[in-house]
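Below you will find one chain, with nothing else, as structure tokens; this is the form predicted alone, and questions on how it binds or moves follow later.
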């Protein structure tokens, strides 16, 4: 018999790990709600026609396809062995690659029932057939927020404030918000005389963190850029504080180009609206966000005290719904990478320490009568917000106390013959070892007093 296993790039999450993940989820969700976002969920699988062509050629290769039901090989010509002709015949669905394209599909399908601007957040898993490595999984969660139906740069400023609020509440102080503008990248390419290769160049630039400066230059030369153009392009891909001085310097270099003027004016407005929240924002002209649908400001957040890739990203997309037949809907969104955030917080020991992650009080019955004796009191405490469980059998006390220690339960309420006879309970603090007797009705006040 083979040993049980799980697919590469996926993980199980223990209760202790889930408690920490819930802390991250709940923090992000509460901040989204503070800014007026509403929850949404979409199916794990979408039609491949919905997914393909939205993420670029490389993204399309990373889509997980789902085989069609039934005898999908029946009408297949076995000579058709290349994936491009084979895939449509055996698979017409796939697991979602991100939450943004399903959002666009949802908005188009429900356009008559939506009030614009439409602000939604969505926290669900996505799947990518990538090579697993540290911080990169094949199944991982995204926590998205998007605004559709407005081109106001207030949205960009709000997302900068959301970043600051979330990471400060998580206790992650060492992070850097990086921002760029797709039209600024276009202007840089135009100024270097390679504007006609913009899409190919952005894909290469987007790999800078993986292949480094030399690797980027090597690939630029391979696609036909001259040594001079490559050097000029790379010299403009700086990372600088996002402030008026930086933008003024860029304006002197790119202000003669329409795309440059648009990008610089947008970034000036974002600084103004974000106010103090933009202090730790860097303008990263090398930030490309390789997905084809971005058209305006783009974001990434990088932890600065841990070696890790981006823990959040996003940007503006002016016509994503247009591919589904609904033109003229501007949108912008960001996504928190829950798995990478978890890894960063774990490495930095940022999760709150808690002795009772799950159960607050464990009732320890010493005989069968004691189980019944504890039932009503346990129910009352639950009504008052305590997480309570009763050990399900009258086992030896040591076994029950070991169970409490294993689950890091702070309080145990011991009930035996003597306690039942006196209508009391023996309440023990598992952290300090202190023990006291109190009436059943006084358990709550006794715990709160300590």
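Computed from a prediction, not measured in an experiment: that's the story for all the values here. Residue numbers count along the first chain shown, from 1. Just so we're on the same page, rigid core means the largest C-alpha set that superposes within 1.5 Å between forms.
This next part talks about the form predicted together with the RNA, which is not shown.
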query	finding
The RNA contact in the model of the complex: residue 402, any heavy atom under 4.5 Å	yes
4.5 angstroms heavy atom contact with the RNA in the model of the complex for residue 178	no
is_contact(residue 136, the RNA) in the model of the complex, heavy atom dist at most 4.5 Å	yes
4.5 Å heavy atom contact, residue 209 and the RNA in the model of the complex	no
Region of this chain that lies against the RNA in the model of the complex, out of 149 to 157, 109 to 117, 123 to 131, 169 to 177 [heavy atom, 4.5 Å]	123 to 131
Heavy atom within 4.5 Å of the RNA in the model of the complex - residue from 259, 142, 202, 321	142
In the model of the complex, the one of 246, 87, 165, 310 near the RNA [non-hydrogen atom within 4.5 angstroms]	310
In the model of the complex: members of 411 to 427 within 4.5 Å of the RNA, any heavy atom	414, 416, 417, 418, 419, 426
Rigid core fit then residue 219 CA moved by 2 Å or more between this form and the one not shown	yes
